[in-house]
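Encoded as structure tokens, the following chain is the form predicted alone, with no partner shown.
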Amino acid sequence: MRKPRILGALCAITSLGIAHAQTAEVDHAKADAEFAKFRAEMEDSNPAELFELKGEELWKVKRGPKSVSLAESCDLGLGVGKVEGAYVQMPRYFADANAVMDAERRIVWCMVEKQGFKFADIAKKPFQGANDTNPPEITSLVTFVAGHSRNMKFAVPLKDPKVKEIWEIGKEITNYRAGPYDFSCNTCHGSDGKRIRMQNLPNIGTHEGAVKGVMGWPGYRMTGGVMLTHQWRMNDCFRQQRFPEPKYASDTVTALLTYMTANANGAVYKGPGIKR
């Protein structure tokens, strides 16, 4: 005689669970909509523009032990000094470095090889911290270059066999599981419908998810009031997986950025953006 009561209780619990899930989904959707609205309002006065202006100054001024400017010495793939459309066409292969490089890594290479700065000095503090009043120079330079690809389509040259090889390596890295939690990039970003707290997690193996993953970087992060690059985002993902963080401007990060950005090919880049 107790079975109907047990079944009734189970049905009630199941109904409550479904109702809770539906309510949570509504809450998530509401939060996403509210943040999207807030982001759109913030974009009208995006602080990233200030970093673009500083980056332009750094790009044009003669600096470093060799006293040359990046504008007269650095080739981002489209010719020395040319920045228009360069960001959306990287990572790409550079014969002078014999390496596939993303934008940040290439600019660092130019600062070292063309201007004479020491890589170790740049790598000491490549990202802005929450209490830093001044961002690293490389952040402003990347933001400046990225701003000159605004409203252009991502076009990573995957037909280049060297780029395609790095894309394949990036794909393998996203599947690599290790660390104390046995995580991989794809633990969070390898399937649809996942989220952490109130934030959606894009599936970077798909075009739509990759677009969400690359859009808005470099980005001004409202929680902390700092300007951060896509290199930082990759490094922080390793930290969150409890992995050792990669060496700054490493092959590993370039491979991941190649995989993700190439998957977004054809999408229009909106420029440096606003992040949570």
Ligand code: HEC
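What you are looking at is a predicted structure, and each value in this text was computed from that prediction instead of being measured. One-based numbering along the sequence shown.
Not pictured, yet referred to below: the form predicted together with heme C.
- Residue-level contacts in the predicted bound form: of R63, H207, R221, K54, one residue has a heavy atom within 4.5 Å of heme C, and it is R221.
- The partner is absent here, but in the predicted bound form a heavy atom of L201, alone among I122, L78, L201, I169, sits within 4.5 Å of heme C.
- Contact with heme C in the predicted bound form, judged as any non-hydrogen atom within 4.5 angstroms, is confined among 156-164, 98-106, 128-136, 182-190 to 182-190.
- Looking at A249, you'd find every heavy atom of it more than 4.5 angstroms from heme C in the predicted bound form.
- By the criterion of a heavy atom within 4.5 Å, C237 is counted among the residues contacting heme C in the predicted bound form.
- In the predicted bound form, heme C lies farther than 4.5 Å from every heavy atom of K270.
- Contact check for L256, M260 and R276: all three have a heavy atom within 4.5 Å of heme C in the predicted bound form.
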